[in-house]
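Given next, in structure tokens, is a single chain: the form predicted on its own.
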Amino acid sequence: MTFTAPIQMPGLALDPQWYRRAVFYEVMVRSFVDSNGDGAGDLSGLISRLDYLQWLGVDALWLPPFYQSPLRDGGYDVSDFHAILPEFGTLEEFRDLVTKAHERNMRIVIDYPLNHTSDAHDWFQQSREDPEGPYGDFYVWRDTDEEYKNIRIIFVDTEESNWTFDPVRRQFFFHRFFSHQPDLNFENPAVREAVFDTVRFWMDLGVDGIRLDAIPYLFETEEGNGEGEPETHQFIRDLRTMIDRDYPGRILIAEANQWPQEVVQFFGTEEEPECHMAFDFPVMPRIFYSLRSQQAGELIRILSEATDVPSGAGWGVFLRNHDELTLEMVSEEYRQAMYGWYAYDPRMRSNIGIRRRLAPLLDNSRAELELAHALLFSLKGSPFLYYGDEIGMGDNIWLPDRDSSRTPMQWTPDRNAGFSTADPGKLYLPVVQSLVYNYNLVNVESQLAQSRSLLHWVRNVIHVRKAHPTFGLGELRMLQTDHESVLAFVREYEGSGSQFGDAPEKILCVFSFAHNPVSVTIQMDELGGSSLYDLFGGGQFPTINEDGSVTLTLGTQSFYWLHVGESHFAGGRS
């Protein structure tokens, strides 16, 4: 497979707000390409596919943990933050990955689960064996399991308590997640300095950003609920100060599974900034709810909520990732409806969520896949794609926990889907061989050969988005429609005088969740008399009436991206 990417000078473009315009791609090293035939993906394999990712239009790679780990929680149980799991490669290969990605103007963001370690970490082993030693206070130890009653249990289907008794130290240790992942004691200055040292270590290796996993849970108090305590925010501010001073242009991304009003606190303020980006969790389940209910109301409500963020801060939006589709941010009524639509088999559920990939969730409907992606790429924030979703990969619900959606990337119809030369029984997880999503049918090579494939469609949308800075930098203003199944908003970017030299632009985005064609009237008061042009082909649409109304007809589960104004800004053939 060969990929022809745009010719450009090696090196990263100088853009301090690169993350606001970027298209991110989550690639699990273990799942992408196996270069040495041992059955597991590795860094060298990822390097060999950078041309594919550049061709696709990816600006930044997000790599989940690849550190030394027992792999009891997909690598989020780290036993050495400064070492790479040998099956993934070496530090030298990681340096090579960073260099080669930068040559293609792609950036590298790594995951850092700083809240906890594996119980196999040397810090924990020394802490349990020598309470008076240098690591004795690195974790949260107590004589009873009675403290922090206000702090909820996150993994309700596997953990009965946030405390676990250690037979060696004869005390209880605190953990927000699995009992084999003891929480670090951030009250201890030595722990905070160890975290700073780890961040410096990877920044010195050239990474462009760090995703701070489980960021709300660093500090606990008896009065609070252990989520976003004041001391946690102070620590992030201190970390941001160090990043801005020593590593300008690098970013911090907050992973806080909370409501927008709470997550926005992890951006900090203009005077005391915290993270550059944060994930927007509540939007994602409501997209899936709208697709089945044919009702846009709940999605409109959540997108209409005003959240003031500091200038330069950006949201991360996504459809799926390596975790379950969390349903913590919906009511019990909505949750049960989502289970009925998307997780009718109990094996499809995990914790308070659904452990399925995008294509199976949407029953492999091309219309829904296009609609969901079009919405993702037009929302305020930077889109995060999950590896394999660009070809509509399937999952395997017979695998345990979250492994159902972490199977090997499907490159070709050959043995092991082109992922590995190993004996099939040696693969870390089996390739998908289900009837609809079999790797013989769903793979990169076959979709490259079909100009109308999902892969080519996703690539086209990415490149159209990248041609319009409005999507990354502009504001989002909701519009009133007369149809309950239709969502409409305008993306607006003044542009002129900016560092990019872009002209002012307005883009009308319309999405129909209806399962039949619909006619809808949209109200755009201050845009009366403006022309509309399709952003993909440049074709002209009905002019907005003088009273600001425009009536459009949409096919079943379809969408429009329409440029408001002069035709030559729309692109396409005009």
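Since the structure is predicted, the reported quantities are computational estimates derived from the model, not experimental observations. Quick note: we count residues from 1 along the sequence shown, nothing fancier.
There is another form of the same protein, the form predicted in complex with a small molecule; it is not shown, and what comes next is about it.
Though the small molecule is absent from this view, in the predicted complex it lies within 4.5 Å of a heavy atom of just one residue from E255, E368, D403, E227, which is E255.
Though the small molecule is absent from this view, in the predicted complex it lies within 4.5 Å of a heavy atom of just one residue from W202, Y428, W163, F155, which is F155. Proximity to the small molecule in the predicted complex, taken as heavy atoms within 4.5 Å, picks out 176-184 from the listed stretches 176-184, 450-458, 382-390, 412-420. Taking the partner from the other structure, the small molecule in the predicted complex has no heavy atom within 4.5 Å of any heavy atom of D119. Proximity of H322 to the small molecule in the predicted complex: non-hydrogen atoms within 4.5 Å are present. The shortest heavy atom separation between D208 and the small molecule in the predicted complex exceeds 4.5 Å. Contact between D73 and the small molecule in the predicted complex is found at the 4.5 Å heavy atom cutoff.
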